[in-house]
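Heads up, the chain below is alone and in the form predicted on its own; it's given as structure tokens.
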């Protein structure tokens, strides 16, 4: 079926890609490893979108509704187990949790396998993520905020002092992640605003190397956090976190003032960056598409073609190609879907011409 597009991944990119294929008159087969659609924003319980503070779950519900279409076939709890062919004539084996396998014929493929959050305890314990209950990550904070609460995990009490530490797992040559994850500064600022809304008496600090706000985010997130919600931004380096008197003593340096820094916090939030998901690595290997040195799917045609991969007929959307915000993700998904359907149709025309 040359006008069928196989979409791998049921997060925002995959949902938008499948919906776009259907809207353009094609047929989409959507394969998602989890039993529910929504990807990382659902799995990590995202609370509000960055930067507009809209409900993440409401946005996901709209995307899920978009794939309730007779032109879209959805496989949940499934994975690709085999793949072969070329543009216009791909064959994929889709295996469900019960072990049953379905063969899918497709003219093109969109890979939308997303990312995973960096594990701050994987390489170093300098921040004590697995040692101190009150050291948490951005996704940990998102889960609480999605429940309209923010407390110290160790006690269940509202914190008086909260600190965010930026660039955990990003811009770090020692780890091999010497890239900016792009969204962490904005997400931390967004969460800081949410915390201040919930806890007006709490003091919130963001410790950063450089604050990186893309596009309009500076005016939408960065300045409002300071001017309306009194979030304190401190340029500094945190070197150690230790327990002291039932709280967390954060040691480091205020690099603006050039002096040592020791402050007591109740909760410390690690702004963890993006890494390629296990699914991205596995699917890339199965499809035979090149990965860059970080493990994301390579897009050799950039900057003019940010969705094409090294294999004709296979396209990529969203954070499977590297750190992306939701705006990038949705734009890439539409582009990848349109190009995939065009490639499938062109292959079908060539096949028909050859037969005639």
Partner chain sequence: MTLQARYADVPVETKQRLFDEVRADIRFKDYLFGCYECGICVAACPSARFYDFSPRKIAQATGREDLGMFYEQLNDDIWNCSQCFSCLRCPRGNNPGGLITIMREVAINNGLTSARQALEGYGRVVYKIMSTGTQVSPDMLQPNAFPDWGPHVAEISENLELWRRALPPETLHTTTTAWYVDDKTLTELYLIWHMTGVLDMIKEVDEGLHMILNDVMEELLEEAGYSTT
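Numbering follows the first chain given and starts at 1. Predicted, not measured: the structure shown is a model, and the values here were computed from it.
One more form of this protein, predicted together with the partner chain, exists but is not displayed; see below.
Heavy atoms of residue 252 reach within 4.5 Å of the partner chain in the predicted bound form, making it an interface residue. The partner chain in the predicted bound form is not approached by residue 232, whose heavy atoms all lie more than 4.5 angstroms from it.
When contacts are judged by a 4.5 Å heavy atom cut-off, residue 182 does not count as touching the partner chain in the predicted bound form. By the criterion of a heavy atom within 4.5 Å, residue 236 is counted among the residues contacting the partner chain in the predicted bound form. Heavy atoms within 4.5 Å of the partner chain in the predicted bound form are found in exactly one of 90-98, 219-227, 104-112, 167-175, that being 167-175.
Contact with the partner chain in the predicted bound form, judged by any heavy atom within 4.5 Å, is made by just one of 198, 286, 211, 126: 126. Among the residues 215, 77, 260, 85, the one placing a heavy atom within 4.5 Å of the partner chain in the predicted bound form is 260.
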